[in-house]
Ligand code: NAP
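For reference, the chain that follows is the form predicted alone, supplied as structure tokens.
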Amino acid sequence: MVASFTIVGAGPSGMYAADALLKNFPDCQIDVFDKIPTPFGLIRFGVAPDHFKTKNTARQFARTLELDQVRYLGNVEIGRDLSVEELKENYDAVIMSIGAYNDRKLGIPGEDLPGVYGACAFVGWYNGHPDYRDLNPLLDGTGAAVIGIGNVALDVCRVISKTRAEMDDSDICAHALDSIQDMPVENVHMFGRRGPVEAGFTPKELGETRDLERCAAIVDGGQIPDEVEGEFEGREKGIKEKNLNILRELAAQDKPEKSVKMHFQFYASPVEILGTDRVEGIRLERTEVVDGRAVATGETFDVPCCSVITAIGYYADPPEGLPLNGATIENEAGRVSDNVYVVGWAKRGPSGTIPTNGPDSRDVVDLLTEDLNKADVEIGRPGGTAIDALLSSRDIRTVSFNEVLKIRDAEIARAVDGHPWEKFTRISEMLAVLD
């Protein structure tokens, strides 16, 4: 019998899982669902718009979706159009690759004020995610505060600080680019509770702040330790050392002619968002790192800003029937229950780069393969045949991969000013191209 599988979520972890399934089950059939008409998740909506080379990973995934054994069904949301139980009944195995697209809260006074945004929402806004198209962030002041010292925080700071010309070859959405360029920005602050050694950004991302057209990075050399201390070894220690070297270089720079300053502020923990009807500033408490933990000192300071963007982590929001364990779907090495598995951020939390998802997904598929190869397990459930009947009875408009290519052609035709394409930011616009 031919095994039938479904993957919920067409982002990197799901597409790596599809490749692994094809390797382990050469004759299988795979249905890949995504709630957005267009696939590739984090690549389309999460990667910084000026990191266009990183987005090229999508070419590999596109080749997978073009295979006869793989069927893409976009514009189908599990939990709304189909239930998890229906997937379990009709496929030999279900792989959840829904990511973690929900921002963690700071848990401090004032974070519900207008002008406070999670990085998932803010990045989704400038990358054209339909869920965040109408975020319309308050960018009407001279200062913005970004909470977090990882790559996402750096991306946000860099995108806000770049000139229009610097974004010409990016795929940032026009509505966001116009709003950012209209901002009278002078200061972008990036705050981290811990120090430079504990920062989560990588040397490549950090190095991109060296030569921005209108922005100078401001680093307090007194906050940079002489060497990497702590239990870091091998490659991880090497990354930390490279970060410290770049930070020293930035601290030594003197660029008074730059109109925008990007302030790296370590050992600072947010305690309150200030403002009455909207964000007017942020209050932070100075910290010190003891045994790898940030410990409050009691000393506070205020920074004026018109908006606060938090990049402090994310959590999964699975459909009914899949319980959470903290920020992830409850699982054991990727096995959830019965014939349900989970990969990517929904399995292990928001960590790593796009290629990190490759080995993670392969490990889970190997576990799935062991389970299906057991003597008492039968395969051959109806798969897509039964699912098509359900979708048809509910009048669900699915989007095939051939139709995705038509949407992409239309986006390319909309491109202006050196951009590779101008993404549609509403599902209705995508479907209008097809219908």
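Predicted model, so just to flag it, every value in this text is computed and none were measured. All residue numbers refer to positions in the sequence shown, first residue = 1.
Just so it is clear, the following notes concern the form predicted in complex with the ligand, a form of the same protein that is not shown.
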| property | result |
| --- | --- |
| L106, G313 and G352 each touching the ligand in the predicted complex (heavy atom, 4.5 Å) | yes |
| Proximity to the ligand in the predicted complex (heavy atom, within 4.5 Å), stretch among 125-133, 145-153, 297-305, 69-77 | 145-153 |
| Of G281, G200, P203, G321, the one that lies within 4.5 Å of the ligand in the predicted complex (heavy atoms) | G200 |
| Candidate from R44, R408, H51, K35 lying within 4.5 Å of the ligand in the predicted complex - any heavy atom | H51 |
| The ligand contact in the predicted complex: P270, any heavy atom under 4.5 Å | yes |
| 4.5 Å heavy atom contact, K88 and the ligand in the predicted complex | no |
| Heavy atom of R193 within 4.5 Å of the ligand in the predicted complex | yes |
| 4.5 Å heavy atom contact, Y341 to the ligand in the predicted complex | no |
